[in-house]
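Form predicted alone, single chain, as structure tokens, below.
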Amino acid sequence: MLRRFLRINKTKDSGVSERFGIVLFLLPTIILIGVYIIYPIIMSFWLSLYEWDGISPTKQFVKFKNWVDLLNDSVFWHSLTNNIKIIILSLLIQIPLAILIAVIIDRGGKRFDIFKSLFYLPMLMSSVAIGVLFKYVYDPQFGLISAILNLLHLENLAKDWLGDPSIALYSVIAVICWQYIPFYMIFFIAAISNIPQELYEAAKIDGATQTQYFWKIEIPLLLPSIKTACILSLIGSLKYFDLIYVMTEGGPAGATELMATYMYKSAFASFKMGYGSTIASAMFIIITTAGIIAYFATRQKEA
């Protein structure tokens, strides 16, 4: 009896020690998340209730005035529309092209390994460096695109790619796709490598063609990865900032203005910290809601 009692207590003690150890090891991460993620989010919502220039020691409590102004702010809705355009074009361009390149590289085997490195190079560059680089590429006078068009005697097609409001956003989206397609390419290459070879061998015995491999084997088995990639692209498209700010600063005439660039300008250029915090809080609500909806939508389809 005594031995059994001691054994039970020993088991309980070891369980408590194990839980204490888990909490102890997680504590630094919990503190970092609290300080650098949760606290700034709470402060953004708190500052959205104030009118403050970000410098003065005093803040004026204005209740929900900033939120009312935001709902009536046409610039904010225009920037949200631009974010939605980026989402749609990113999903239509980045994901299909990344799948196609991943399949081609996978079919090529070791001969195409060099292309993995070449295609992945844009991901190794910072967004700021890419933004500066493409400002020169898009230059209407001395840029690479204008030089190629002149060489091909297609001068009439040359445009002010970043200065024309009608095409500036699409010029920027092209750069975004160039930057992020390699990320999804590697993502899908990893997913394709997990497809059992037995399926290919069985399909080969049945006389399947390469096209049938793609549509009947690879696409169905890649669906979970495609859904994950779509959610990543959706969330990433709603918070783009650095690349577009470097290339256009939201111009010309607000043609490439996004929620993040508008938030930055309001808070740090116009010294409206309260209103900038309101935009940041609205971004948090929109991105979180979109992420949750996308997650449950794909989860229901899987079920």
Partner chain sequence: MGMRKEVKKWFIAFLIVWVLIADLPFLFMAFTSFKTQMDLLTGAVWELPKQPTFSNYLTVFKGNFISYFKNSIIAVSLSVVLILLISSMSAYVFARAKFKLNSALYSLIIAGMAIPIHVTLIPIYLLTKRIGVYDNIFGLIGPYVALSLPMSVFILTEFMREIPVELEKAAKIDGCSFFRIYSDIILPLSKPALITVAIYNGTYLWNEFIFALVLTSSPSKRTLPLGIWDFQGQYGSDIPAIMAFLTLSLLPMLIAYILGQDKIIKGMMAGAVKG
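Just so we're on the same page, rigid core means the largest C-alpha set that superposes within 1.5 Å between forms. Residue numbers count along the first chain shown, from 1. Values in this document were obtained by computation on a predicted structure and should not be read as measured data.
This next part talks about the form predicted in complex with its partner chain, which is not shown.
Proximity to its partner chain in the predicted complex, defined as a heavy atom within 4.5 Å, singles out one entry of L70, L234, L47, A255, which is L47.
Taking a 4.5 Å heavy atom cutoff to its partner chain in the predicted complex, the contact residue among L100, A203, I84, L91 is L100.
Taking non-hydrogen atoms only, Y39 approaches its partner chain to within 4.5 angstroms in the predicted complex. Taking non-hydrogen atoms only, G207 never approaches its partner chain to within 4.5 angstroms in the predicted complex. Contact annotation: V62 falls outside 4.5 Å of its partner chain in the predicted complex, judged by heavy atom distances. The closest non-hydrogen atom of S277 lies within 4.5 Å of its partner chain in the predicted complex. If you take 88 to 113 and check each residue for a heavy atom within 4.5 Å of its partner chain in the predicted complex, you get L97, L100, I101, I104, I105, D106, R107, G108, G109, R111, F112, in sequence order.
Core-aligned CA deviation for R111 between this form and the one not shown: less than 2 Å.
L26 shows a C-alpha shift of 2 Å or greater between this form and the one not shown [criterion: core-superposed Cα displacement of 2 Å]. Here A269 does not count as shifted, since its C-alpha moves by less than 2 Å between this form and the one not shown after the core is aligned.
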